[in-house]
Ligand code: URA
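The chain that follows stands alone, in the form predicted alone, written as C-alpha coordinates.
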(Lines give C-alpha, C1' and ligand atoms only; values in the text may rest on other atoms or scores of the structure.)
Protein backbone atom coordinates (compact mmCIF):
# COMPACT_ATOMS: atom_id res chain seq x y z
CA UNK A 1 0.00 0.00 0.00
CA UNK A 2 1.06 3.57 -0.71
CA UNK A 3 -0.06 6.16 1.85
CA UNK A 4 0.32 9.00 -0.67
CA UNK A 5 -2.03 7.22 -3.04
CA UNK A 6 -4.56 6.83 -0.21
CA UNK A 7 -4.30 10.53 0.68
CA UNK A 8 -4.78 11.54 -2.96
CA UNK A 9 -7.77 9.22 -3.33
CA UNK A 10 -9.63 10.76 -0.41
CA UNK A 11 -8.48 14.27 -1.36
CA UNK A 12 -10.14 13.75 -4.74
CA UNK A 13 -13.35 12.40 -3.20
CA UNK A 14 -12.89 8.69 -3.85
CA UNK A 15 -14.24 5.97 -1.55
CA UNK A 16 -11.43 4.25 0.32
CA UNK A 17 -11.38 0.47 0.03
CA UNK A 18 -11.53 -1.75 3.13
CA UNK A 19 -7.95 -2.83 2.44
CA UNK A 20 -6.73 0.77 2.27
CA UNK A 21 -8.45 1.67 5.55
CA UNK A 22 -7.17 -1.43 7.37
CA UNK A 23 -3.63 -0.82 6.18
CA UNK A 24 -3.40 2.90 6.91
CA UNK A 25 -4.85 2.64 10.45
CA UNK A 26 -2.56 -0.28 11.30
CA UNK A 27 0.51 1.33 9.75
CA UNK A 28 -0.14 4.64 11.51
CA UNK A 29 -0.60 2.92 14.87
CA UNK A 30 2.71 1.10 14.39
CA UNK A 31 4.52 4.29 13.33
CA UNK A 32 5.02 3.40 9.67
CA UNK A 33 2.82 6.25 8.48
CA UNK A 34 4.24 9.62 9.52
CA UNK A 35 2.27 12.15 11.56
CA UNK A 36 2.25 14.67 8.71
CA UNK A 37 0.87 12.04 6.33
CA UNK A 38 -1.93 11.05 8.70
CA UNK A 39 -2.61 14.77 9.24
CA UNK A 40 -3.10 15.15 5.49
CA UNK A 41 -5.45 12.16 5.37
CA UNK A 42 -7.42 13.43 8.37
CA UNK A 43 -7.89 16.80 6.64
CA UNK A 44 -8.96 15.02 3.42
CA UNK A 45 -11.55 13.04 5.43
CA UNK A 46 -12.62 16.25 7.19
CA UNK A 47 -13.23 17.98 3.85
CA UNK A 48 -14.51 15.04 1.75
CA UNK A 49 -16.26 12.93 4.38
CA UNK A 50 -16.80 9.17 4.41
CA UNK A 51 -19.81 7.04 3.55
CA UNK A 52 -21.39 4.46 5.86
CA UNK A 53 -19.21 1.58 4.62
CA UNK A 54 -16.02 3.63 5.07
CA UNK A 55 -16.96 4.82 8.56
CA UNK A 56 -17.87 1.30 9.64
CA UNK A 57 -14.57 -0.08 8.34
CA UNK A 58 -12.57 2.82 9.85
CA UNK A 59 -14.17 1.99 13.21
CA UNK A 60 -13.41 -1.71 12.77
CA UNK A 61 -9.77 -0.95 11.94
CA UNK A 62 -9.35 1.16 15.09
CA UNK A 63 -11.11 -1.50 17.12
CA UNK A 64 -8.74 -4.14 15.74
CA UNK A 65 -5.71 -2.11 16.86
CA UNK A 66 -6.17 -3.31 20.44
CA UNK A 67 -7.98 -5.73 22.70
CA UNK A 68 -11.73 -6.21 22.89
CA UNK A 69 -13.34 -7.07 26.20
CA UNK A 70 -15.92 -9.84 26.37
CA UNK A 71 -18.57 -10.01 29.08
CA UNK A 72 -20.90 -12.38 27.28
CA UNK A 73 -20.39 -14.99 30.00
CA UNK A 74 -22.03 -12.81 32.67
CA UNK A 75 -25.40 -13.93 33.96
CA UNK A 76 -26.89 -10.52 33.15
CA UNK A 77 -27.20 -8.92 29.70
CA UNK A 78 -24.78 -6.01 29.25
CA UNK A 79 -25.70 -2.48 28.21
CA UNK A 80 -23.98 0.88 28.32
CA UNK A 81 -24.55 4.59 27.75
CA UNK A 82 -22.32 7.19 26.14
CA UNK A 83 -22.86 10.94 26.37
CA UNK A 84 -21.23 13.36 23.97
CA UNK A 85 -20.65 15.69 26.92
CA UNK A 86 -22.22 18.73 28.49
CA UNK A 87 -22.47 20.99 31.53
CA UNK A 88 -23.82 19.51 34.75
CA UNK A 89 -24.08 16.16 32.98
CA UNK A 90 -23.73 13.83 35.95
CA UNK A 91 -26.19 11.31 34.49
CA UNK A 92 -23.76 8.36 34.48
CA UNK A 93 -23.60 8.53 38.28
CA UNK A 94 -27.29 7.81 39.02
CA UNK A 95 -27.86 5.92 35.75
CA UNK A 96 -25.34 3.07 36.16
CA UNK A 97 -26.55 1.89 39.60
CA UNK A 98 -30.20 2.36 38.59
CA UNK A 99 -29.84 0.10 35.55
CA UNK A 100 -27.85 -2.40 37.62
CA UNK A 101 -30.64 -2.41 40.23
CA UNK A 102 -33.09 -3.25 37.43
CA UNK A 103 -31.21 -6.36 36.28
CA UNK A 104 -28.68 -5.41 33.59
CA UNK A 105 -24.88 -5.22 33.83
CA UNK A 106 -23.29 -1.88 32.93
CA UNK A 107 -19.58 -1.83 31.94
CA UNK A 108 -19.16 1.95 31.82
CA UNK A 109 -15.79 3.16 30.54
CA UNK A 110 -15.65 6.91 31.15
CA UNK A 111 -13.31 9.83 30.64
CA UNK A 112 -12.08 13.03 32.18
CA UNK A 113 -13.22 16.57 31.51
CA UNK A 114 -11.47 19.04 29.25
CA UNK A 115 -12.47 22.66 28.87
CA UNK A 116 -16.03 23.58 29.81
CA UNK A 117 -17.40 20.01 29.91
CA UNK A 118 -17.02 17.87 33.00
CA UNK A 119 -15.63 14.34 33.16
CA UNK A 120 -17.27 11.43 34.97
CA UNK A 121 -13.98 10.16 36.39
CA UNK A 122 -13.15 13.59 37.85
CA UNK A 123 -16.50 13.67 39.60
CA UNK A 124 -16.11 10.19 41.07
CA UNK A 125 -12.54 10.81 42.20
CA UNK A 126 -13.91 13.39 44.62
CA UNK A 127 -15.20 10.41 46.65
CA UNK A 128 -12.50 9.46 49.20
CA UNK A 129 -10.70 6.26 48.21
CA UNK A 130 -12.48 5.71 44.88
CA UNK A 131 -10.28 4.28 42.09
CA UNK A 132 -10.72 4.96 38.38
CA UNK A 133 -8.00 2.62 37.10
CA UNK A 134 -8.94 -1.06 37.23
CA UNK A 135 -7.39 -4.04 35.52
CA UNK A 136 -9.62 -6.11 33.25
CA UNK A 137 -9.88 -8.77 35.97
CA UNK A 138 -10.83 -6.16 38.57
CA UNK A 139 -13.39 -4.66 36.21
CA UNK A 140 -14.93 -8.08 35.61
CA UNK A 141 -15.02 -8.82 39.34
CA UNK A 142 -16.77 -5.54 40.18
CA UNK A 143 -19.21 -5.98 37.30
CA UNK A 144 -20.11 -9.56 38.19
CA UNK A 145 -20.52 -8.68 41.89
CA UNK A 146 -22.40 -5.39 41.70
CA UNK A 147 -23.84 -5.23 38.18
CA UNK A 148 -22.06 -1.96 37.40
CA UNK A 149 -18.57 -0.55 37.04
CA UNK A 150 -17.42 2.95 36.08
CA UNK A 151 -13.73 3.17 35.27
CA UNK A 152 -11.06 4.46 32.91
CA UNK A 153 -10.44 2.67 29.63
CA UNK A 154 -7.24 0.63 29.64
CA UNK A 155 -4.37 1.49 27.31
CA UNK A 156 -5.04 -1.67 25.31
CA UNK A 157 -8.48 -0.55 24.08
CA UNK A 158 -8.44 1.10 20.62
CA UNK A 159 -4.89 2.52 20.81
CA UNK A 160 -5.28 3.76 17.22
CA UNK A 161 -8.03 6.09 18.40
CA UNK A 162 -5.89 7.48 21.22
CA UNK A 163 -3.13 8.33 18.78
CA UNK A 164 -5.42 9.67 16.05
CA UNK A 165 -7.48 11.77 18.46
CA UNK A 166 -4.37 13.55 19.72
CA UNK A 167 -3.41 14.28 16.12
CA UNK A 168 -6.86 15.60 15.20
CA UNK A 169 -6.81 17.83 18.27
CA UNK A 170 -3.79 19.77 16.98
CA UNK A 171 -4.61 19.77 13.25
CA UNK A 172 -8.07 21.36 13.18
CA UNK A 173 -9.83 18.14 12.23
CA UNK A 174 -11.79 17.35 15.39
CA UNK A 175 -15.16 18.46 13.98
CA UNK A 176 -15.55 15.60 11.52
CA UNK A 177 -18.71 13.57 12.09
CA UNK A 178 -17.24 10.39 10.51
CA UNK A 179 -14.11 10.57 12.66
CA UNK A 180 -16.00 11.62 15.81
CA UNK A 181 -18.33 8.67 15.30
CA UNK A 182 -15.51 6.18 14.70
CA UNK A 183 -13.60 7.52 17.71
CA UNK A 184 -16.53 7.12 20.11
CA UNK A 185 -17.75 3.82 18.73
CA UNK A 186 -14.35 2.11 18.52
CA UNK A 187 -13.93 2.62 22.27
CA UNK A 188 -17.51 1.63 23.08
CA UNK A 189 -17.38 -1.51 20.93
CA UNK A 190 -14.04 -2.44 22.51
CA UNK A 191 -15.58 -2.56 25.97
CA UNK A 192 -17.66 -5.56 24.94
CA UNK A 193 -21.16 -4.37 25.76
CA UNK A 194 -24.09 -6.15 24.13
CA UNK A 195 -26.14 -2.97 23.59
CA UNK A 196 -25.54 0.75 23.69
CA UNK A 197 -27.60 3.91 24.23
CA UNK A 198 -26.13 7.20 23.02
CA UNK A 199 -26.98 10.54 24.62
CA UNK A 200 -26.19 13.10 21.92
CA UNK A 201 -26.28 16.57 23.44
CA UNK A 202 -27.56 19.58 21.48
CA UNK A 203 -27.10 23.26 22.34
CA UNK A 204 -24.63 25.89 23.48
CA UNK A 205 -23.04 23.67 26.12
CA UNK A 206 -22.65 20.71 23.75
CA UNK A 207 -20.26 19.82 20.97
CA UNK A 208 -23.16 19.81 18.50
CA UNK A 209 -24.88 23.20 18.52
CA UNK A 210 -27.84 22.41 16.24
CA UNK A 211 -30.31 19.55 15.93
CA UNK A 212 -29.46 18.66 12.33
CA UNK A 213 -25.75 18.04 13.02
CA UNK A 214 -26.59 16.19 16.23
CA UNK A 215 -29.04 13.97 14.36
CA UNK A 216 -26.40 13.25 11.70
CA UNK A 217 -23.88 12.28 14.39
CA UNK A 218 -26.46 10.09 16.13
CA UNK A 219 -27.47 8.38 12.88
CA UNK A 220 -23.84 7.67 11.99
CA UNK A 221 -23.05 6.16 15.39
CA UNK A 222 -26.24 4.10 15.52
CA UNK A 223 -25.42 2.67 12.10
CA UNK A 224 -21.87 1.79 13.20
CA UNK A 225 -23.14 0.01 16.31
CA UNK A 226 -25.74 -1.98 14.43
CA UNK A 227 -23.22 -2.82 11.67
CA UNK A 228 -21.03 -4.38 14.37
CA UNK A 229 -23.76 -6.43 15.99
CA UNK A 230 -24.35 -4.15 18.98
CA UNK A 231 -27.96 -3.02 19.35
CA UNK A 232 -27.66 0.77 19.38
CA UNK A 233 -30.13 3.62 19.87
CA UNK A 234 -29.61 7.36 20.42
CA UNK A 235 -31.50 10.12 22.18
CA UNK A 236 -30.93 13.75 21.25
CA UNK A 237 -31.14 15.75 24.48
CA UNK A 238 -31.07 19.46 25.26
CA UNK A 239 -27.85 21.09 26.45
CA UNK A 240 -28.77 24.75 26.00
CA UNK A 241 -29.20 24.88 29.79
CA UNK A 242 -27.06 23.00 32.35
CA UNK A 243 -28.45 19.76 33.72
CA UNK A 244 -29.49 19.99 37.32
CA UNK A 245 -28.51 22.75 39.73
CA UNK A 246 -24.90 21.85 40.46
CA UNK A 247 -21.92 22.14 38.11
CA UNK A 248 -18.61 20.86 39.48
CA UNK A 249 -17.17 17.55 40.60
CA UNK A 250 -18.14 16.96 44.24
CA UNK A 251 -21.19 19.22 43.82
CA UNK A 252 -22.48 16.93 41.07
CA UNK A 253 -21.79 13.78 43.08
CA UNK A 254 -23.90 15.18 45.92
CA UNK A 255 -26.70 15.97 43.47
CA UNK A 256 -26.50 12.49 41.95
CA UNK A 257 -26.91 11.00 45.43
CA UNK A 258 -30.00 13.17 45.91
CA UNK A 259 -31.47 11.65 42.75
CA UNK A 260 -30.56 8.14 43.89
CA UNK A 261 -32.26 8.91 47.20
CA UNK A 262 -35.56 9.64 45.48
CA UNK A 263 -35.20 13.43 45.13
CA UNK A 264 -33.02 15.75 43.11
CA UNK A 265 -33.75 18.08 40.19
CA UNK A 266 -36.58 17.05 37.88
CA UNK A 267 -34.47 17.23 34.70
CA UNK A 268 -31.76 14.92 36.08
CA UNK A 269 -34.42 12.45 37.22
CA UNK A 270 -36.24 12.63 33.87
CA UNK A 271 -33.13 11.96 31.80
CA UNK A 272 -31.88 9.22 34.13
CA UNK A 273 -35.19 7.37 33.85
CA UNK A 274 -35.47 7.89 30.07
CA UNK A 275 -31.97 6.59 29.38
CA UNK A 276 -32.35 3.72 31.87
CA UNK A 277 -35.53 2.53 30.14
CA UNK A 278 -33.77 2.69 26.77
CA UNK A 279 -30.82 0.70 28.13
CA UNK A 280 -33.05 -1.99 29.59
CA UNK A 281 -35.03 -2.27 26.35
CA UNK A 282 -31.81 -2.49 24.31
CA UNK A 283 -30.66 -5.28 26.63
CA UNK A 284 -33.92 -7.16 26.08
CA UNK A 285 -35.33 -6.47 29.55
CA UNK A 286 -38.90 -5.25 30.06
CA UNK A 287 -39.91 -3.62 33.37
CA UNK A 288 -42.72 -5.57 35.00
CA UNK A 289 -41.68 -8.88 33.44
CA UNK A 290 -39.45 -11.56 34.95
CA UNK A 291 -38.75 -9.45 38.01
CA UNK A 292 -37.35 -6.49 36.06
CA UNK A 293 -37.96 -3.28 37.99
CA UNK A 294 -38.84 0.05 36.40
CA UNK A 295 -36.05 2.64 36.83
CA UNK A 296 -38.39 5.19 38.42
CA UNK A 297 -39.33 2.62 41.04
CA UNK A 298 -35.65 1.79 41.68
CA UNK A 299 -35.02 5.47 42.46
CA UNK A 300 -38.04 5.61 44.77
CA UNK A 301 -37.57 2.40 46.74
CA UNK A 302 -33.89 2.75 47.63
CA UNK A 303 -32.57 -0.08 45.48
CA UNK A 304 -30.71 2.28 43.13
CA UNK A 305 -29.04 4.00 46.11
CA UNK A 306 -28.03 0.63 47.56
CA UNK A 307 -26.57 -0.31 44.18
CA UNK A 308 -24.61 2.97 44.07
CA UNK A 309 -23.05 2.34 47.47
CA UNK A 310 -22.13 -1.19 46.49
CA UNK A 311 -20.45 -0.06 43.27
CA UNK A 312 -18.55 2.76 45.00
CA UNK A 313 -17.29 0.43 47.75
CA UNK A 314 -16.23 -2.19 45.21
CA UNK A 315 -13.91 0.42 43.66
CA UNK A 316 -12.38 1.40 47.00
CA UNK A 317 -14.56 4.41 47.74
CA UNK A 318 -16.47 5.36 50.86
CA UNK A 319 -19.99 6.39 49.78
CA UNK A 320 -20.77 7.75 53.25
CA UNK A 321 -17.66 9.93 53.62
CA UNK A 322 -18.01 13.73 53.44
CA UNK A 323 -17.27 15.13 50.00
CA UNK A 324 -14.67 17.85 49.46
CA UNK A 325 -15.85 21.44 49.76
CA UNK A 326 -14.27 24.54 48.27
CA UNK A 327 -12.47 26.84 50.71
CA UNK A 328 -14.29 29.96 49.50
CA UNK A 329 -17.72 30.89 48.15
CA UNK A 330 -19.16 34.00 46.54
CA UNK A 331 -22.82 34.71 45.83
CA UNK A 332 -23.94 36.40 42.60
CA UNK A 333 -27.22 38.25 43.08
CA UNK A 334 -30.05 38.64 40.59
CA UNK A 335 -29.92 42.14 39.05
CA UNK A 336 -33.69 42.31 38.47
CA UNK A 337 -36.98 40.64 39.33
CA UNK A 338 -38.93 38.51 36.90
CA UNK A 339 -38.81 35.15 35.13
CA UNK A 340 -35.47 33.58 34.29
CA UNK A 341 -36.00 32.85 30.59
CA UNK A 342 -32.46 31.80 29.53
CA UNK A 343 -29.43 30.27 31.23
CA UNK A 344 -26.56 29.53 28.85
CA UNK A 345 -24.91 26.16 29.47
CA UNK A 346 -21.58 27.05 27.83
CA UNK A 347 -21.07 30.18 29.92
CA UNK A 348 -21.94 28.36 33.16
CA UNK A 349 -19.48 25.61 32.18
CA UNK A 350 -16.84 28.24 31.45
CA UNK A 351 -17.41 29.81 34.87
CA UNK A 352 -17.02 26.41 36.58
CA UNK A 353 -13.82 25.80 34.61
CA UNK A 354 -12.40 29.18 35.68
CA UNK A 355 -13.22 28.32 39.29
CA UNK A 356 -11.02 25.22 39.01
CA UNK A 357 -13.59 22.49 38.30
CA UNK A 358 -12.11 21.69 34.87
CA UNK A 359 -8.77 21.62 33.12
CA UNK A 360 -7.19 23.33 30.12
CA UNK A 361 -4.71 20.49 29.50
CA UNK A 362 -5.08 16.78 30.15
CA UNK A 363 -2.31 16.83 32.75
CA UNK A 364 -3.90 19.61 34.84
CA UNK A 365 -5.37 18.83 38.26
CA UNK A 366 -8.96 19.76 39.10
CA UNK A 367 -10.38 21.20 42.29
CA UNK A 368 -12.97 18.72 43.53
CA UNK A 369 -14.96 21.32 45.48
CA UNK A 370 -15.02 24.03 42.80
CA UNK A 371 -18.08 24.82 40.73
CA UNK A 372 -21.34 26.72 40.40
CA UNK A 373 -24.64 26.26 42.23
CA UNK A 374 -27.66 27.43 40.25
CA UNK A 375 -30.38 28.89 42.44
CA UNK A 376 -32.84 29.20 39.57
CA UNK A 377 -33.51 27.48 36.25
CA UNK A 378 -35.37 28.84 33.22
CA UNK A 379 -39.08 29.26 33.90
CA UNK A 380 -38.59 30.11 37.58
CA UNK A 381 -39.19 33.46 39.24
CA UNK A 382 -36.26 35.42 40.69
CA UNK A 383 -36.15 38.54 42.84
CA UNK A 384 -33.67 41.39 42.56
CA UNK A 385 -30.96 41.11 45.22
CA UNK A 386 -31.61 37.42 45.85
CA UNK A 387 -28.97 34.71 45.11
CA UNK A 388 -28.80 33.63 41.47
CA UNK A 389 -25.51 31.70 41.59
CA UNK A 390 -23.12 30.57 44.30
CA UNK A 391 -19.53 30.26 43.13
CA UNK A 392 -17.23 27.74 44.83
CA UNK A 393 -13.42 27.93 44.59
CA UNK A 394 -10.30 27.19 46.61
CA UNK A 395 -8.60 30.43 45.51
CA UNK A 396 -10.67 33.63 45.87
CA UNK A 397 -8.78 35.28 43.01
CA UNK A 398 -10.71 33.00 40.65
CA UNK A 399 -14.07 34.60 41.43
CA UNK A 400 -13.85 37.74 39.27
CA UNK A 401 -13.12 35.89 36.01
CA UNK A 402 -15.81 33.32 36.77
CA UNK A 403 -18.35 36.08 37.41
CA UNK A 404 -17.32 37.69 34.09
CA UNK A 405 -18.21 34.41 32.33
CA UNK A 406 -21.72 34.63 33.79
CA UNK A 407 -22.31 38.18 32.55
CA UNK A 408 -24.75 37.83 29.69
CA UNK A 409 -25.32 34.15 30.50
CA UNK A 410 -28.93 34.70 31.52
CA UNK A 411 -32.05 36.72 30.74
CA UNK A 412 -34.59 37.88 33.31
CA UNK A 413 -37.86 39.24 31.95
CA UNK A 414 -40.81 40.76 33.79
CA UNK A 415 -44.17 39.11 33.15
CA UNK A 416 -42.60 36.78 30.57
CA UNK A 417 -44.33 33.64 29.38
CA UNK A 418 -41.64 30.95 29.37
CA UNK A 419 -42.07 28.04 26.99
CA UNK A 420 -40.14 25.08 28.43
CA UNK A 421 -37.81 23.26 26.05
CA UNK A 422 -38.22 19.47 25.79
CA UNK A 423 -35.34 17.65 27.43
CA UNK A 424 -35.51 14.73 25.00
CA UNK A 425 -35.62 16.21 21.50
CA UNK A 426 -35.56 13.11 19.29
CA UNK A 427 -34.84 9.38 19.18
CA UNK A 428 -32.70 7.73 16.51
CA UNK A 429 -32.76 3.94 16.13
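Computed from a predicted structure; not experimentally measured. Positions refer to the first chain, counted from 1.
Note that the form predicted together with uracil isn't included here; everything after this is about it.
**Student:** Just checking whether residue 195 would be counted as a contact of uracil in the model of the complex - the rule being heavy atoms within 4.5 angstroms.
**Tutor:** No - in the model of the complex, heavy atoms of residue 195 and uracil never come within 4.5 Å of each other.
**Student:** According to a 4.5 angstroms non-hydrogen atom cut-off, is residue 183 in contact with uracil in the model of the complex?
**Tutor:** The answer is yes: residue 183 has a heavy atom within 4.5 Å of uracil.
**Student:** Since only the chain is shown here, I'm wondering whether residue 207 would be in contact with uracil in the model of the complex (any heavy atom pair within 4.5 Å).
**Tutor:** Looking in the model of the complex, residue contacts with uracil include residue 207, since a heavy atom lies within 4.5 Å.
**Student:** Can you check whether residue 283 is within 4.5 Å of uracil in the model of the complex, heavy atom basis?
**Tutor:** Taking the distances in the model of the complex, the answer for residue 283 is no, it never comes within 4.5 Å of uracil.
**Student:** Heavy atoms within 4.5 Å of uracil in the model of the complex: which of the stretches 73 to 81, 306 to 314, 165 to 173, 347 to 355 has them?
**Tutor:** One stretch meets the cut-off, namely 165 to 173.
**Student:** Of the residues 187, 245, 359, 112, which one places a heavy atom within 4.5 Å of uracil in the model of the complex?
**Tutor:** None of the other options qualify; the answer is 187.
**Student:** Just give me the single entry in 102, 143, 179, 234 that has a non-hydrogen atom within 4.5 angstroms of uracil in the model of the complex.
**Tutor:** After the contact test, the surviving option is 179.
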